[in-house]
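Only one chain comes next, encoded as structure tokens, the form predicted alone.
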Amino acid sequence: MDPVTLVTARMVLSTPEAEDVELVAEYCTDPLFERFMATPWPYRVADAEYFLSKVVPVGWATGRELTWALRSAPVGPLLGVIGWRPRLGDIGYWLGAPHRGSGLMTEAVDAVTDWIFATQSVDTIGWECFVGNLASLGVARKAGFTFTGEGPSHVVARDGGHPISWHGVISRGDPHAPNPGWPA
């Protein structure tokens, strides 16, 4: 599949590029990534290089994982990343620390889920995060996902396990508005 660019009111979602390596490496050394993400730890520049040179292009070429960079302009600096894994039927995302708290990721989630429902033959999209990741939970809630409970993660953690995670789903036609029933 050829990469797709999406445009929102405040962002351009485009393919992460080799030029993003320093920001990917910087953002992924955030201590929150150690606690809440399955990314390598400690995260090194070589991990960012592998992600940008192998994971992203192979994911798009095979349709296995479609990954977008969040940018404030077409050639702007990387703000964060969002991806859809059709095999798992879910989305995942992260935002660099300087860009959190302004609703950018919710806007990106809305754009990606709208694109998926408009172009792919799926009726639901899943979401999960390790228990305790309140920022990820807040984005999913605001984007209109319905909380479906706690259970083992579908994504394999760096230790090879499946830690207890929060799960949610959004269905075709659901509004991008919070639903009740989320953990406090």
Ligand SMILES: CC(C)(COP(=O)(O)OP(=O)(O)OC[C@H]1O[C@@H](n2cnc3c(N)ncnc32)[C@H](O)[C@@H]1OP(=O)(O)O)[C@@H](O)C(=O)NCCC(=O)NCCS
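The first residue of the shown sequence is 1; numbering continues from there. This is a predicted model, so every value here is computed, not measured.
A second form of this protein, the form predicted together with the ligand, is not displayed here; the remarks below concern that form.
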### Query
Exactly one stretch in 144 to 152, 54 to 62, 27 to 35, 113 to 121 has heavy atoms within 4.5 Å of the ligand in the model of the complex; which is it?
27 to 35
### Message
Please tell me whether any heavy atom belonging to residue 71 falls inside 4.5 Å of a heavy atom of the ligand, as the geometry stands in the model of the complex.
### Response
no
### Task
Check whether residue 129 has any heavy atom within 4.5 Å of a heavy atom of the ligand in the model of the complex, and answer yes or no.
yes
### Query
Is there a non-hydrogen atom of residue 40 within 4.5 angstroms of a non-hydrogen atom of the ligand in the model of the complex?
no
#### Entry: 4.5 Å heavy atom contact, residue 101 and the ligand in the model of the complex
yes
### Query
Across 126 to 147, which residues bring a heavy atom to within 4.5 Å of the ligand in the model of the complex?
128, 129, 133, 134, 135, 136, 138, 139, 141, 142
